[in-house]
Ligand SMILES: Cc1cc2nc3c(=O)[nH]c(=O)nc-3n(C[C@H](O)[C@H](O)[C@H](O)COP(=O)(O)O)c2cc1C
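Below sits a lone chain in structure tokens, taken as the form predicted on its own.
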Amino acid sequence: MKVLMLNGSANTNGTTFTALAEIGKTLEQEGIGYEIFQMGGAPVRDCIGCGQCSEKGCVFAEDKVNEFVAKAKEADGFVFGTPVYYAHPSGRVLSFLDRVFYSSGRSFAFKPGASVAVARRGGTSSSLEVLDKYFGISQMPVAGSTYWNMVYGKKGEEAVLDLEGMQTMRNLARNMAWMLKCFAAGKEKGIALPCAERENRTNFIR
């Protein structure tokens, strides 16, 4: 089993990475593999709702969206990490995830997800609320922790000083590992996934 984590920061080794790495270390202790996918600092195109998605993902292939989609299809769980700038997730990570889910949302169904927000001081709660909405619309169970999934620090070396934040990351990882093992046990017992109805799509504005 493997958890795919998205570092939504342009800083590949900053506070967001530090939080995700703490999760990854604990996942490995629980026998679960992980990968931290680095968005990096390259530009990310917005989703324009063109409807030209394919099995490979988004029709616009000049960035890393489709690379992430390919990995997501093989992953068993997800963690999306973001820095906080103006009391919301980074605009780049939202553009990235909008295209990922618009083109390939069904690849995430019934796989547990969690979001992590990192900030110098404020805006983490509102950022988590935004990221968590991707899970709700995609039939994804949400892994929680013993506090909101937030870590404080302007730099990576400051993040490790947030002892409760690091503790929250470790507990999140343990909860994610437990969920993955439970789902695997259910699959072995032949418990079928829910069958979703999709026939009705009501448009009230005509």
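Bear in mind that the values here come from a model prediction, so they are computed numbers and not experimental data. Residue numbers run from 1 along the displayed sequence.
Heads up, the form predicted together with the named molecule isn't pictured, but that's what we're talking about next.
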{"property": "Partner-contacting position among 119, 94, 75, 128 - heavy atom within 4.5 Å of the named molecule in the predicted bound form", "result": "119"}
{"property": "Interface segment, criterion being heavy atoms within 4.5 Å of the named molecule in the predicted bound form, picked from 85-93, 99-107, 67-75, 132-140", "result": "85-93"}
{"property": "Contact label in the predicted bound form: residue 24 to the named molecule, heavy atom within 4.5 Å", "result": "no"}
{"property": "Non-hydrogen atom contact residue 154 with the named molecule in the predicted bound form at 4.5 angstroms", "result": "yes"}
{"property": "Within 34-49, the residues that have a heavy atom no more than 4.5 Å from the named molecule in the predicted bound form", "result": "none"}
